[in-house]
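So this first bit is one chain, no partners, the form predicted on its own, shown in structure tokens.
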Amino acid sequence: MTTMRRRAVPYLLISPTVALIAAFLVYPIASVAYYSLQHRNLTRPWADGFAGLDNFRQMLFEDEVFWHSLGFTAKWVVAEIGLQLILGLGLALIVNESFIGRGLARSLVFSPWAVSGVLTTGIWILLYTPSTGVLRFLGQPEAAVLGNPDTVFPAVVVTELWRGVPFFAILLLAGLQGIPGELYEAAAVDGAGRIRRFLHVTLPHLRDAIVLATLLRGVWEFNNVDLLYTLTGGGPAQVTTTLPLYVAQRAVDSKDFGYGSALTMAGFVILLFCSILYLRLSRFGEER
């Protein structure tokens, strides 16, 4: 009896955590999966009921906006993560050096990360507005970059870069500070220049930090709703509509919770598959 009690103690200790995970993770996923198999539209309550796979059939074979939003989401994530990684690594290398005012420089570099998405949108809308923004000083006072399909994508990318680059800089700076200085000294003694030291000392030691940062930001950028919703609303003409933003439009604006749930499950499966594949291919946490 004593042995059984000892074996039960670890399970009792972790039971509160398991209960919280079940309440805040498992239940919402199961709930969305259930509603994805239902017709649940507040504007058409008489048509509610079991739908089976009808929502998924409509999504895959009839909904052009779904495929467009999925394509734009992939474009958005690749552009943001690639640029944020390059710029964040550059900033991390700069503020990792010793110079006068380094503390102030770090504070200025990291400060945009503390700004909310809605406030970021407010700042950049003022910058992009023809009558109040910077474009009037560039000789283009009538340019409406957020209303032009040819310029809206670069405009929203720049806005999100301002907020996202500091995240990479913070994580990569922590990784840089963990690299022993003796490695650089030994490489310099062997005749390695700055570029070779960066390629053969810095990057290998930042591998896990880069994988973690890109994975986290990839998930966050995939699920980005607040900035795009308040900056463009998915427009003009659905040009900047991501899959999560399309979910918000169908579930929240159109009150079609059944179809919105099906879109959510599609996004969940895509994100889960890509995350697992990325971790496997990057060999995150493995020794080399």
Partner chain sequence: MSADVMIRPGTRVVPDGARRRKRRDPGRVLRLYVPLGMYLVFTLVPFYWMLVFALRPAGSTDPVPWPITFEHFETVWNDIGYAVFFKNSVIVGVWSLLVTTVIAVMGGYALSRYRFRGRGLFMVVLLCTQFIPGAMMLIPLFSIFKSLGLINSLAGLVVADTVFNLPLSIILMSGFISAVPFTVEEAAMVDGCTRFRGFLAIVLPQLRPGLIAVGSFAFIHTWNNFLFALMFVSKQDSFTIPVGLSYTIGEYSADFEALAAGGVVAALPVVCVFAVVQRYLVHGISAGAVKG
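Residue numbers count along the first chain shown, from 1. Since we're looking at a predicted model, the values are computed, not measured. What we label the rigid core is the largest C-alpha set whose atoms superpose within 1.5 Å from one form to the other.
Just so you know, the form predicted together with the partner chain exists too; it's not on screen, but the next bit is about it.
Any non-hydrogen atom of Leu20 within 4.5 angstroms of the partner chain in the model of the complex: Yes, Leu20 sits close enough to the partner chain in the model of the complex that at least one of its heavy atoms falls within 4.5 Å.
Hey, in the model of the complex, is Gly191 touching the partner chain, heavy atoms inside 4.5 Å? No, Gly191 is distant from the partner.
Within a 4.5 Å heavy atom cut-off, is Thr151 in contact with the partner chain in the model of the complex? No.
Non-hydrogen atom contact Tyr27 with the partner chain in the model of the complex at 4.5 angstroms: Heavy-atom contact with the partner chain at 4.5 Å: present for Tyr27.
Just one of Val145, Leu89, Leu171, Ile81 has a heavy atom within 4.5 Å of the partner chain in the model of the complex. Which one? Here the answer is residue option Leu171.
Using a 4.5 Å heavy atom cut-off, are Val65, Phe198 and Leu281 all in contact with the partner chain in the model of the complex? The answer is no: none of the three residues contacts the partner (heavy atom, 4.5 Å cut-off).
Residues in 94-110 with any heavy atom within 4.5 Å of the partner chain in the model of the complex: Read in sequence order, the residues that approach the partner chain (within 4.5 Å, in the model of the complex) are Ile94, Val95, Asn96, Glu97, Ser98, Phe99, Gly103, Ala105, Arg106, Ser107, Leu108, Val109, Phe110.
Please state whether Val269 has a C-alpha shift of 2 Å or more between the shown form and the other one, with the rigid core used for the fit. Shift at Val269: below 2 Å after core fit.
Does Gly52 shift between the shown form and the other one by 2 angstroms or more at the C-alpha, the core having been superposed? No, because once the rigid core is superposed, the C-alpha of Gly52 moves less than 2 Å between the shown form and the other one.
Quick check: Thr43 between the shown form and the other one - does its CA shift reach 2 Å or more after fitting the rigid core? It does shift by 2 Å or more.
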